[in-house]
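Presented as structure tokens, the chain that follows is alone, the form predicted alone.
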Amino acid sequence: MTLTQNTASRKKKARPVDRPTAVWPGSDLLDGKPVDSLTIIFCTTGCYWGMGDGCTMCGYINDSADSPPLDDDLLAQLDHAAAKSSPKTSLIKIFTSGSFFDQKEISQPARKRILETIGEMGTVKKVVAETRPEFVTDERLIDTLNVLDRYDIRFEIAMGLETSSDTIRKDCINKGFTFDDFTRASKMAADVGVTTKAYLLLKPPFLSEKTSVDDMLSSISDTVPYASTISLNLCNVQNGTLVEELHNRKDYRPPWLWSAVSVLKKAKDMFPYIIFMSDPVAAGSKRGPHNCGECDKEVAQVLRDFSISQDLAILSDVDCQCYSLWEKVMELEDNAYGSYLIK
């Protein structure tokens, strides 16, 4: 049986186009200090790449709109989201389950109005927007800065690089772009004073635990020259994806939380000036990153606390008897002919 993205099992939820897919307040780092942040996932038509075969682990296309929202709908989504911000919100993160710079998702006039509305909030110091690298152009960067500079707001693009290995990105993730595409976009951004945040993916399908950890460490080294912030995303099992199909066959286990702790320890030690972050989605569940079940909640919180503090000591202040089991998995799993050793 050929392994393909399980598009037949995708089920979109009916969503009002004047409401965001999701919005939540939180805390993030800005200039080395924790600040109030707001994360907004706009409901758009979604990622053009995801409408085809898409990435093997990504089910976010399920959250996209059935029909394209009008510009006024997008502004209504922002108004709804802004109502959940705090009076001290300093950082806003914009997602679309696709690309903020994709004109088919958000038109240039709508982007301008969204950014102006954020500027008029009066408290925001930085905006981070996710996009694929092919949509990063000088024109779109300059258009964005022309608005945000009026309000003295910094801008950062966030890209799901996943790995610096073109082979892993193509054969395990099916991402649809190369490392050179990422570096091109990052350099273009840097030339106009825009920073880059890179998302890296711990344990895509078809990799052992140790191979995935080694790939993250090499990817971090390769990515550091182009990104000031690196977010370590831990793969989880999303509906309608190839990863879900493999998981249902017992051919995929999400990463151990210990693997993330190990990667972040080594990465922060090697590159103390880089901001490293990790917020493990679905931690502790069988479809999310997990350890033994006893320590999952504590270790996941340690990863989140480190993301805000950047204090390496926090990553050493947690232990569990399953740590030695994880070490054995790291030692032996490569000899298991593709099978994982521990559920």
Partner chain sequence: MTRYFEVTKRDGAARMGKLLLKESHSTPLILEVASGYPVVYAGSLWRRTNITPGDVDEGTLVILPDKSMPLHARAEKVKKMVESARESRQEWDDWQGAVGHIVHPAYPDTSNADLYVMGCAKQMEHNPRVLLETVTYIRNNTPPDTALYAPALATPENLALLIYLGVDVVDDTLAVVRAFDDMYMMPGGEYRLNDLFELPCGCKVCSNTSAVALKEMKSPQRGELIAQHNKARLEEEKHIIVHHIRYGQLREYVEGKCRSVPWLTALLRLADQQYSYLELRTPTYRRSTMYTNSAESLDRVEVKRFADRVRTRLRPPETSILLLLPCSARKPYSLSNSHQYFNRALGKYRRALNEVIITSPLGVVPRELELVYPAAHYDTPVTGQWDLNERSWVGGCLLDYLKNHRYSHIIAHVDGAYQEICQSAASELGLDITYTGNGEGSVTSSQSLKTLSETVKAIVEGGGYMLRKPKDITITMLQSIADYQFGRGAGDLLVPENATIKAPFPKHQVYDGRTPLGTLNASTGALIPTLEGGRRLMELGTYQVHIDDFVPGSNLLAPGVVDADPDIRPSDQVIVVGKRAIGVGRALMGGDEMIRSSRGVAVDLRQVKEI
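Positions refer to the first chain, counted from 1. Nothing here was measured: the structure is a model prediction, and the numbers come from that model.
What comes next is about the form predicted together with the partner chain, which is not displayed.
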item	value
Contact assignment for the partner chain in the model of the complex, among C235, L207, L232, L115, heavy atom within 4.5 Å	L207
In the model of the complex, the residue from V194, A267, I168, A110 that sits within 4.5 Å of the partner chain by heavy atoms	I168
K88, S278 and V302 each touching the partner chain in the model of the complex (heavy atom, 4.5 Å)	no
Distance check, D251 to the partner chain in the model of the complex, heavy atom within 4.5 Å	yes
Non-hydrogen atom contact L246 with the partner chain in the model of the complex at 4.5 angstroms	yes
Partner proximity in the model of the complex: S259 to the partner chain, non-hydrogen atom cutoff 4.5 Å	no
is_contact(V23, the partner chain) in the model of the complex, heavy atom dist at most 4.5 Å	no
Contact segment among 259-267, 213-221, 132-140, 99-107, judged by heavy atoms lying within 4.5 Å of the partner chain in the model of the complex	213-221
Heavy atom within 4.5 Å of the partner chain in the model of the complex - qualifying residues of 317-333	Q321, S324, L325, K328, V329, E331, L332
